[in-house]
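Below you'll find only one chain, the form predicted alone, shown as structure tokens.
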């Protein structure tokens, strides 16, 4: 099968503003749009991916199918006029389409390089496509995309460094405490970034979340998300004696915790370590807290520095990851080439075996009476001659050189060996 029959069309955060992307994103699941996509003329196999950052369509097209017209029309619907398609749409075919899919699966095309969420989204989209929409080519391609992503995660450190403020907070907490199991988190205020940091900490094993907020109702609502509890801001000092990790993000205009406030708290804690994350602007916490033993304070600038260093590390790892994607794209191309030449290989072998059988049947009667052993020896000899004669043509068909000339090699073999009427 020519690799050019694999086509990919899409929009993403690089090419298309959110105002357009949100009109294209699926709102009611995959089933109905997949059915419409599969019914389009010339689309032999189809796959559809929709996330907040991208909508992509992958098809195996029949020869001559006008997918360059029908797929963009399907993708944009009435959200964008046809004369505007070129402003947002990207499309790939053959090896380029395969390469792009592998880059997306490996999180090398994501807004945050190395994030893990995209692979789960691709698998979920494939789960729907595999029920009647995809076929042998796309099934193989999507499973290969999963293994490429796994190989990138295994052989590089692209996902090991935090590249968001909330993940950076988790990374620093792990460095301080070693593990986060059974640690207690105290949120001061109910800001969005504090909420994200707490969500990530809970995902890493933190078992208890307490919210201290000026408006108790808001604190209760946030605490409910983490199956935690809410307290009044007046109870802050008591809660500081229990907490291991404190995330502060109030809207206060002045510092709410000073160094001297923490001295009696640390005595009550018997100097047990406490980690403060101040992500408020202006700052909630006195920078002098760091002067006290076993208090670790990081503010928004500290976290941003961690993020920037980690982004640089991910970019270095991405170089190795892209090499893996390039290698796996070539391997998939070799598999496709194998699909294309297999019918010709089978036809060539059938013709060789048919000639051997015909010549044996013509020759054996002239040789008089032969016992079974002699007859088998002749059959083995003719089969060996046939095999050796076909060796070079078969190597030519299977060779990796000039992969872009696979179709020409097939045509040449059919013409030279008279296989026009023997195609599988």
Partner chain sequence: MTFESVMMIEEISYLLFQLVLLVSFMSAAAYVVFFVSRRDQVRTIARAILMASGLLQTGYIVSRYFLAGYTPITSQHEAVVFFAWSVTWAYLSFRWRYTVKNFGTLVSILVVGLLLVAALVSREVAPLPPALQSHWLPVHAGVAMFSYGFLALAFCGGFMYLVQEWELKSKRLGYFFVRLPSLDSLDQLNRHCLTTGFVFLTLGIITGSLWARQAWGTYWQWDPKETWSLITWLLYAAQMHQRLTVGWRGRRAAIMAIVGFLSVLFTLWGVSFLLGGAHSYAQ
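All values reported here derive from a predicted model rather than from experimental measurement. Numbering follows the first chain given and starts at 1. Here, rigid core means the biggest group of C-alpha atoms that superpose within 1.5 Å across both forms.
As for the form predicted in complex with its partner chain, it is not shown, yet the points below apply to it.
The shortest heavy atom separation between residue 177 and its partner chain in the predicted complex is within 4.5 Å. In the predicted complex, its partner chain lies within 4.5 Å of some heavy atom of residue 290. Taking non-hydrogen atoms only, residue 227 never approaches its partner chain to within 4.5 angstroms in the predicted complex.
Proximity of residue 252 to its partner chain in the predicted complex: non-hydrogen atoms within 4.5 Å are absent; the residue sits far from the partner. Using a 4.5 Å heavy atom cutoff, none of 5, 8 and 95 lies near its partner chain in the predicted complex. Only one of 187-195, 299-307, 237-245, 119-127 places residue heavy atoms within 4.5 angstroms of its partner chain in the predicted complex, namely 299-307.
When you look in the predicted complex, the only residue of 165, 103, 172, 133 with a non-hydrogen atom within 4.5 Å of its partner chain is 172. A single residue from the set 259, 331, 143, 272 has any heavy atom within 4.5 angstroms of its partner chain in the predicted complex; that residue is 272.
In this overlay on the rigid core, residue 268 has a C-alpha that sits 2 Å or more away from its partner position between this form and the one not shown. Core-superposed comparison between this form and the one not shown: the C-alpha position of residue 349 differs by less than 2 Å.
In the core-superposed comparison between this form and the one not shown, the C-alpha atom of residue 259 has shifted by at least 2 angstroms.
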